[in-house]
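First, one chain by itself in structure tokens, the form predicted alone.
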Amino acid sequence: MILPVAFTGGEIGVWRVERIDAVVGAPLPIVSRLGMVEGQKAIAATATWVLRGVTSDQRYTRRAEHEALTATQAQLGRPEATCAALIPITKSEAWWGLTQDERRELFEERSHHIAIGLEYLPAVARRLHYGRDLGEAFDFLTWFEYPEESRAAFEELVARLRLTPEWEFVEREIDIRLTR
């Protein structure tokens, strides 16, 4: 199912921004709140920035991986998940110049992206949004939610993924940490 989603940075939103770090590339303006607008709803004109993406069919996953993710993944919006992270990423033209098979090989066979992520489920829930499909500045907007007691596990997850061969293709990454 395709779901348009807009993340709005500004002075309004359910999530309080703890920090915004430019990991690679240009930063985003600092804001105090973040909102998530699902569907074709109006966006507040007061937003400092808006990042848009759409959910889509899972890409780069095999049937067994899809089933493992679906069986283990927690739902977003759990009351105990009071921490969140939005990590927008843009990959290089070299990444997009690879064939689908080559990207899959880097993504999972060499980087073990899905296998690493599975280790942190169900504590860390996630949903991927594709911005490249809309011509947006960020190719991917990954949304994570997790309980306070899983903060260290989330930090470990992100650190492990950033050490993989896949991350050599990241040319812009922002790490936005949030609480509610």
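The shown structure was predicted, so the numbers you read here are calculated from the model rather than taken from an experiment. Numbers for residues come from their place in the sequence shown, where the first is 1.
Keep in mind the form predicted in complex with another copy of the chain is missing from the figure; the text below concerns it.
*Asks:* The chain here is shown without another copy of the chain. Which stretch in 112-120, 24-32, 144-152, 61-69 comes within 4.5 angstroms of it in the predicted complex, by heavy atom distance?
*Replies:* That would be stretch 61-69.
*Asks:* Any of the heavy atoms of Q100 lying within 4.5 Å of another copy of the chain in the predicted complex?
*Replies:* Within the cut-off, so yes.
*Asks:* Find out whether any non-hydrogen atom of V54 is located within 4.5 angstroms of another copy of the chain in the predicted complex, and reply yes or no.
*Replies:* V54 belongs to the contact set for another copy of the chain.
*Asks:* Residue-level contact is defined here as any heavy atom of the residue lying within 4.5 Å of another copy of the chain in the predicted complex; does R132 satisfy this criterion?
*Replies:* Yes.
*Asks:* Taking only heavy atoms into account, state which residues of 1-31 are within 4.5 Å of another copy of the chain in the predicted complex, ordered by sequence.
*Replies:* Residues within 4.5 Å: M1, I2.
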